[in-house]
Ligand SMILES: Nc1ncnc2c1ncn2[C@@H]1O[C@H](COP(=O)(O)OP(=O)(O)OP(=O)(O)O)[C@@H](O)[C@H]1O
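Below you'll find only one chain, the form predicted on its own, shown as structure tokens.
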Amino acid sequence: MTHTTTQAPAPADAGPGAWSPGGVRIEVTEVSRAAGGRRVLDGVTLSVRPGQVVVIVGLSGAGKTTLLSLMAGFTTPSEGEVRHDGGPIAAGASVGYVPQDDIVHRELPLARTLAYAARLRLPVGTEIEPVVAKVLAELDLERCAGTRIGALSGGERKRASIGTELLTRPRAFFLDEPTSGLDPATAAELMGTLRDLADGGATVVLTSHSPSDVRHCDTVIVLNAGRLAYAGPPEEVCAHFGVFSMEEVYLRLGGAVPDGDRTADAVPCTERACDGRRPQAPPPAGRHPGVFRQWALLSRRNLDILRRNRLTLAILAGSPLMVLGMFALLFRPGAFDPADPSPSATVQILFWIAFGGFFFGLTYGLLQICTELPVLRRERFVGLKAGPYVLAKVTVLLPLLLVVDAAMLAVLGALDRLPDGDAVMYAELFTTLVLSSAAALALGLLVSASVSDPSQAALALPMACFPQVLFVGAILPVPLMATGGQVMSLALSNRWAFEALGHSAQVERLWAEGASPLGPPLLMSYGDSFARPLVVDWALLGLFTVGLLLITRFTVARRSAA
């Protein structure tokens, strides 16, 4: 299909670009996009003038979100090109993008959320409080400044997401289904906010399923099965399709598209009496936050979110208490008594201590990334590095794991579930447990970065745990496993934690010298599992941690760029 573009003329006395009130002119030329083995968009050509409100409509699967993402520069076309102001879309272009999902953390108050976003996006040294206050005033959210975002209404949360984008004074806003799920009055109010942004000079492009949104816009773009069916003034769209209402347009899209498909520029600003519009202020110049500052800022925000989320805090504190209670009920005291040791009990105690450290680390990291993917993707687009993001998670969570691991050893020692030993032995046990938790935390973060939502993370939990139970050598000593099991055990961090704990607890000497007749046969079945130098086990656990964190960083970078 061949598309032609008709352009409305600029004023005769205007030089190139002189009519622009500060928005971005967007030109889409023969753009196609393939995904999942099909063409989501096919040869779309259109042009959007600055300072307009443009709505993209069509049936589900028509390619609306894909076209919006291409126009914003979030994704690249398979064929054709998208240009802003006549040139390629520059990295870090002055655009605001609001996806369907919230791009704000629900646990934080609104003003604090905007302050964190401003510090991440604006140049170092910018006075943050006036910027946040101005955005709140412009969006009529001043009364909500101290309200937790999770307690805001749907329309207020949408405006809060817009507010994070407005901080940098972008020249173009792109919004995916901003009125979805809102009642008609709230949707109309939000569309009025977008109208104000356009009146302030920005170009506003949104997708919508709501026919009522069309009347608030200057231009409507209709997609049908990935092709452009219409682009022009909303008052002409019904006539173009030979119907009397926008609802009937949707019905027509289910059948054949009328002949004479057309594209058109948005109605130029000069024809809409926009002389009184305020040009968008350019984003402030200066040095943006570097890697270290991003890490410090995200660490502070993560801690702020954590301490405000009571459910998460209850889970983080409750799961160790539950595990300790089970240890106390399951194992009798005195298993490590040299006069009468219980080899089988010592094996299980050491294993479950190692697994406890692993389980705490895994569950602490499992929901950290998948629950905030929309926020992450948006912040990555404005310059956030994947390395500081992952490191900030570790910075906040690892100290909590240190406390939990120390408490677990202290309680088990007080309950006589550990061998009598000096401070050196307990320091070794604690170091092993912390390294085990760190490796598991890295694994949990990797899983969280690889899945799309918490339900998938929950399904991944048993799959990550079962191998760490079966192949570490507690149920069956590694030397007695089949070759495949021995190879599998090499890739499990819990094996090295279990064997390091056994080395520090001196189980070889305990089993060999104890009065129990089970000692020597059990000792022989483990071979030299507990004879390895402790530093080797620690080095392996450290390598697991570093390697998994590097893979997590790569995964975060890849997933957040999609």
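In this text, residue numbers run from 1 along the sequence as written. Only a predicted model underlies this, so the values are computations on that prediction, with no experimental measurement involved.
This protein has a second form, the form predicted together with this ligand, left out of what is shown; the following refers to that one.
Colleague: Since the chain is shown here on its own, which stretch among 527 to 535, 493 to 501, 37 to 45, 23 to 31 would lie within 4.5 Å of this ligand in the model of the complex, judged by heavy atoms?
Modeller: It is 37 to 45 that comes within 4.5 Å of the partner.
Colleague: Is Gln506 part of the interface with this ligand in the model of the complex - any heavy atom within 4.5 Å?
Modeller: It does not: once this ligand is placed as it appears in the model of the complex, Gln506 has no heavy atom within 4.5 Å of it.
Colleague: Report yes if any heavy atom of Val53 sits within 4.5 Å of a heavy atom of this ligand in the model of the complex; otherwise report no.
Modeller: Contact check for Val53: no, nothing within 4.5 Å of this ligand in the model of the complex.
Colleague: May I ask you to check whether Arg49 falls inside a 4.5 Å heavy atom distance of this ligand in the model of the complex?
Modeller: No - in the model of the complex, heavy atoms of Arg49 and this ligand never come within 4.5 Å of each other.
Colleague: Considering only heavy atoms, tell me if His209 and this ligand come within 4.5 Å of each other in the model of the complex.
Modeller: Result yes; His209 sits at the interface with this ligand in the model of the complex.
Colleague: Quick one: which residues from 56 to 76 get a non-hydrogen atom within 4.5 Å of this ligand in the model of the complex?
Modeller: Counting only heavy atoms within 4.5 Å of this ligand in the model of the complex, the contacting residues of 56 to 76 are Leu59, Ser60, Gly61, Ala62, Gly63, Lys64, Thr65, Thr66.
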